[in-house]
Each structure stands twice: as C-alpha cells, then as structure tokens.
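Before any questions on how it binds or moves, here is one chain, the form predicted alone, in structure tokens.
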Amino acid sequence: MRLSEGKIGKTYEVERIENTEQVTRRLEALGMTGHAEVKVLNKKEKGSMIVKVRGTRWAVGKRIADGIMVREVRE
C-alpha cells in the first residue's frame, strides 16, 4: 500500500520508494530506508501528512507519500 493511504496512529514499514531518483536519495539520506518504521501522526485534507521516522517528525506532501510503499506493522 502507499503511505498516503495510511491511517493516523498506525505504524508502517517501508518496503520501497517509487519516486524520482533525486527524491528517493533525499528520503534515504534523511533515514527513510527500506524496513524503516514510519508512524502516521496527522493527515491533512489535501493529502499532506505528518509522519515520524527514526525519532524525527516530517511533513510529507501527497506526491511524495504516494511514492512510498509500506506495509502495516503488527503491534
């Protein structure tokens, strides 16, 4: 599933990033690599979201979130 489809309060594991090479490299440099856990903290109506990755809160736009493939982590 895409990160943009995630629910508030749920934790997901990054499977792969399907975006431009430049965006993919930037996300990886910030710590969003394969198997990193991402928690959805908030979602806005237009698709942007606030997520927590490796202890850091990020704002992610809908276009970028659509390119991040994740799976839900069972807690």
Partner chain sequence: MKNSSKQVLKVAFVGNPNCGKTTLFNAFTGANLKVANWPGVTVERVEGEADYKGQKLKLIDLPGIYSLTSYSIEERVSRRCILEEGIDVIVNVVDASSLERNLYLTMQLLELRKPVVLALNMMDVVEERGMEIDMHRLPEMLGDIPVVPVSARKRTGLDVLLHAVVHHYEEGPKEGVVVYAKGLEAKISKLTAAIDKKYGPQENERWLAIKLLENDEEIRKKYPLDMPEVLDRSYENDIIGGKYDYIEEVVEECLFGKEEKAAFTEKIDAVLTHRIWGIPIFLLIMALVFFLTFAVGDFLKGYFEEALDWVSVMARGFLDGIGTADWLISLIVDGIIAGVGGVLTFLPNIFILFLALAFLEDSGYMARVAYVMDSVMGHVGLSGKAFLPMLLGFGCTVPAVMATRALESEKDRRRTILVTPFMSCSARLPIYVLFAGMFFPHSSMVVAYSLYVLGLVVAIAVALLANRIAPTGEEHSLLIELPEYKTPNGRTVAVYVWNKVKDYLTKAGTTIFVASIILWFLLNYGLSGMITDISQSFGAEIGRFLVPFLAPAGLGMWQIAVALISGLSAKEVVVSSFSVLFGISNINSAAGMSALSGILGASGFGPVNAYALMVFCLLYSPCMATVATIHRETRSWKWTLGMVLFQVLLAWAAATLVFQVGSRIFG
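This is a predicted model, so every value here is computed, not measured. Residue numbers count along the first chain shown, from 1.
Same protein, other form: the form predicted in complex with its partner chain, not shown, and the subject of what follows.
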* **Contact of Val60 with its partner chain in the predicted complex (heavy atom, 4.5 Å)** => yes
* **its partner chain contact in the predicted complex: Gly9, any heavy atom under 4.5 Å** => no
* Would you give me the residues of 12-29 that have any heavy atom within 4.5 Å of its partner chain in the predicted complex, in order from first to last? => Asn19, Gln22, Arg25, Arg26, Leu27, Glu28, Ala29
